[in-house]
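A single chain, nothing else alongside it, follows as structure tokens in the form predicted alone.
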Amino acid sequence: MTLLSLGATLGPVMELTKRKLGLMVSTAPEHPNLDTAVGLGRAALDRGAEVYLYLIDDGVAGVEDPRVQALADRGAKLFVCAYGCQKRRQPLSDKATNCGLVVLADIVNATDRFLALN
């Protein structure tokens, strides 16, 4: 699988219907990782997969980003690290589930594929 930001897709090698894709983004919203995560999430939703997006570290600044919210509007489950928000003096958002690393561990364990974009 290659990154969507490079023009590639998930490709035919990965059947996603009724499967779960976990994504974690730890970089700021202006980093290309967010575009990659959103592109992968969109492609997975198009194929019928469940998508879980966890924003952590500098990624918490992207919780209300229109690209992220568009993904959530399409059915992706959106989580944001509450501790990361606190450390960066960012208010908690009602547009995502504010949680901690236990939820991230659950996502890692419960998904068929998990990608960390750091």
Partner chain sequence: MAERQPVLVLISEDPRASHRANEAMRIALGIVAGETPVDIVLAGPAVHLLDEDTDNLVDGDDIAKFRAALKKLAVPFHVEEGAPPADRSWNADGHPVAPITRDGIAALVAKARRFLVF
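Treat the numbers as computed from the prediction; the structure is a model and nothing was measured. Positions refer to the first chain, counted from 1.
Below, we turn to the form predicted in complex with the partner chain, even though it does not appear here.
J.: Heavy atoms, 4.5 Å, the partner chain in the predicted bound form: which of 66 to 74, 25 to 33, 39 to 47, 89 to 97 makes the cut? Say which one.
T.: Flagged stretch: 25 to 33.
J.: Does at least one non-hydrogen atom of L78 fall within 4.5 angstroms of the partner chain in the predicted bound form?
T.: Residue-level check for L78: no, no contact with the partner chain.
J.: Taking heavy atoms only, is A61 within 4.5 angstroms of the partner chain in the predicted bound form?
T.: So A61 does not count as contacting the partner chain.
J.: For N109, is any heavy atom within 4.5 Å of the partner chain in the predicted bound form, or not?
T.: Yes, N109 is a contact residue.
J.: Out of 44 to 68, which residues reach within 4.5 Å of the partner chain in the predicted bound form, heavy atoms considered?
T.: Stretch hits, in order: I56, D57, D58.
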